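Given next, in structure tokens, is a single chain: the form predicted on its own.
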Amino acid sequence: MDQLRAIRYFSKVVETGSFTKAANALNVPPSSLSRRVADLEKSLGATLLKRSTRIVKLTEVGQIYYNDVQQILTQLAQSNETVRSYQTTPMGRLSISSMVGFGEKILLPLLDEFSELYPEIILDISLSDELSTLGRDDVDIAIRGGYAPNERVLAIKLMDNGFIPVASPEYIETHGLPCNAMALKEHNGIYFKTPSGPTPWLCNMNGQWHDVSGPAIAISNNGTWLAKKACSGEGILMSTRWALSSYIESGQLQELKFEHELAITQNSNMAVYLLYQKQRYLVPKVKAAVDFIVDKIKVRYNF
């Protein structure tokens, strides 16, 4: 017996006071409706309805049962509506994982705007530079720096993630401007630490890669602290352009340019990627966030 359908039939009989009217309202044969209500009573071992030729009334236990199942049917209807809304309206908890520096400088300010547009979405944000797997971590959207991922996810390139060398005017005045990339070996180095270790200073000259890293005076995965030390004139820092743009614009740091460009890896395809699983894009909250983040970053941070 389909008990839920039988309960709906029973409730409609009570509301209309008639098996015939209930059957018409539900567009089912009266005999089918009557049989299902009878099966319901049989399964409960109780008579729920007093039947006569002209009217149908609830028994005492029928009234109790009717009151209880009305609460269940109402809750079920509300739950069904919630699911339908979830599939059509951006709402619910949205889990986003991002590398720390990008999250603090770019993502979080954007998400403040996003929250104003989509107040029914609850943001659950994790900032970490640890390598992780999108599916395993139960994350809707991840933002990672590096190379195009091999995971079975969709990856949208948000911006380049190449590193540039910078120093403060005070440092240059005190220690002099390096005349070429090889001269960097004689300068104080401030190094960003990734999960695989500090980033080196590399330079490609005539097809040959050279490590031009200077002696380290500070190493950290906290980009803000490293930038502060560079601004105070303690050494030369290599970091991403998006992380250093505000310091360069204010004049606290200036980009050092050489005939041969510097890098932190021999792979030239480094970028910041937004990752998500293909099927999750069908969920309104994920689609709204992906579209918003991609659009805003491409307009505002097209370095």
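Owing to the predicted nature of the structure, the values given are computational and were not obtained by experimental measurement. All residue numbers refer to positions in the sequence shown, first residue = 1. Just so we're on the same page, rigid core means the largest C-alpha set that superposes within 1.5 Å between forms.
The form predicted together with the DNA exists for this protein as well; it is not shown, and the discussion that follows is about that form.
Taking the partner from elsewhere, D39 is found to have a heavy atom lying within 4.5 Å of the DNA in the predicted bound form.
Although the partner is absent here, G251 is not a contact residue: none of its heavy atoms lies within 4.5 angstroms of the DNA in the predicted bound form. In the predicted bound form, at least one heavy atom of V56 sits within 4.5 Å of a heavy atom of the DNA. Heavy atoms of S34 reach within 4.5 Å of the DNA in the predicted bound form, making it an interface residue. Partner contact region in the predicted bound form: 26-34, out of 66-74, 256-264, 26-34, 243-251, criterion any non-hydrogen atom within 4.5 Å of the DNA. Contact residues in stretch 88-118 (any heavy atom within 4.5 Å of the DNA, taken in the predicted bound form) are absent; none meets the cut-off. Relative to the superposed core, R280 undergoes a Cα shift smaller than 2 Å between the shown form and the other one. Once both forms are fitted on their rigid core, the CA atom of V14 lies 2 Å or more apart between the shown form and the other one. L26 is among the residues whose C-alpha shifts by 2 Å or more between the shown form and the other one once the rigid core is aligned.
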